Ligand SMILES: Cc1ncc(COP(=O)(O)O)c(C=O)c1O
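Just one chain follows, in the form predicted on its own, and it is written as structure tokens.
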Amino acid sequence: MTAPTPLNANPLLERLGGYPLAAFQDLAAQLAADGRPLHDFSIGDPVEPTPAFVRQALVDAVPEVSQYPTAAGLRGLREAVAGWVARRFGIEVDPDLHVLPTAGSKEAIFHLPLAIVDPHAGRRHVLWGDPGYQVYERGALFAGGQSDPCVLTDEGGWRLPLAELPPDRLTRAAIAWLNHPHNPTGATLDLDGYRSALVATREHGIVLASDECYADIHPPDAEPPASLLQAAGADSADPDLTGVMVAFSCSKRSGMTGYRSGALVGDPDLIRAQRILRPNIGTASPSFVQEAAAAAWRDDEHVAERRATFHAKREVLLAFFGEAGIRLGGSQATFYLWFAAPGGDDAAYAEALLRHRIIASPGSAFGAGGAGWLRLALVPSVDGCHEAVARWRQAITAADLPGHATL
């Protein structure tokens, strides 16, 4: 009897393998099962409670009869996002033309190329910074595009210098992704940097997409990070958002990672294309989630409180890094700290920390450009950060971590 023909599978699944950071979630669950203290700095999923008023807004909005949401989203949510953009960046956007609610920024980033990239055209490359968020690459590939990573460096401030790329890379690109504050390095980009990138992409007809899901997470005494929206319209009452798309998220600013709620803001034509695309996918958030998100976008006080909490954790780790001679890179904003691996091998250092029940993400998990660096997500409580530092210090003192002189 002839053996059955194996079922087809998208070869990208085998080529790319599992989502790299998912392995850390599995590892944390395994280690936590024994009940001993675990200090997990790997996945950027904060433990602070979602604000009570957000949770109540969701409960109050759960309908007696559940019906499908629309791809355009609730107008009240679009208005709330537009109001936040005006307060935060001083840019007036039209909630009907420039704003589209999404099921989180990750979903929006992954699906964006489906409405932009022509898989049969010569211009189908997607530029992004390596190390970086793997979704830029994966969204491009599953849309039939080509990934074109640009290696970022500490010397270059972990910034993607689009204007300095060779012309052939720009002429074949359909989309260029910026991400500031940057994951994994925490690097920021000033307004001149955004302006330079916008000039380069407009000159070559590239969609400039900016992932700004950490825009509200920065040290309380620091200048708030700039936005691509400001570069496109800071000097005008009528911003020119042609070729611009920015992704925002409630996840980090409002402790709503499990709600999966974000927004795209930008070029009306690109927003219109997404509105045509998205009913085919069916990713619209439930109406009660949208109501909770609208409540979150309307309020800035809870965001300031979360910033203060992240800063308290940051201060604990920064003091220890100074004591231990651990070198930082980037780390101007977000709740991530990016540090050079003592001894130079990020995987070896991560494995050594793991023996002491401290989970850090090796930089190479974010691309080849991250080799030799590690990322800490400031997820444990302030007390948890103190406990992790004590354990870390003890390991250095016992000469049980590579690349350190004894404290």
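Each residue number is its position in the shown sequence, starting from 1. Worth saying up front: this structure is predicted, and the values here are computed from it rather than measured.
The same protein also has a form predicted in complex with this ligand, omitted here; what follows describes it.
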Partner-contacting position among Arg314, Lys106, His302, His125 - heavy atom within 4.5 Å of this ligand in the predicted bound form: Lys106
Would you kindly say which of Tyr133, Phe310, Phe89, Tyr194 lies with a heavy atom within 4.5 Å of this ligand in the predicted bound form? Tyr133
Quick check for you: of 278-286, 245-253, 137-145, 315-323, which stretch puts a non-hydrogen atom within 4.5 Å of this ligand in the predicted bound form? 245-253
Do heavy atoms from each of Trp158, Thr185 and Thr188 fall within 4.5 Å of this ligand in the predicted bound form? no
Just to confirm, Ser227 within 4.5 Å of this ligand in the predicted bound form by heavy atoms? no
4.5 Å heavy atom contact, His111 and this ligand in the predicted bound form: no
Would Cys213 count as a contact of this ligand in the predicted bound form, using a 4.5 angstroms cut-off between non-hydrogen atoms? yes
Partner proximity in the predicted bound form: Ser331 to this ligand, non-hydrogen atom cutoff 4.5 Å: no
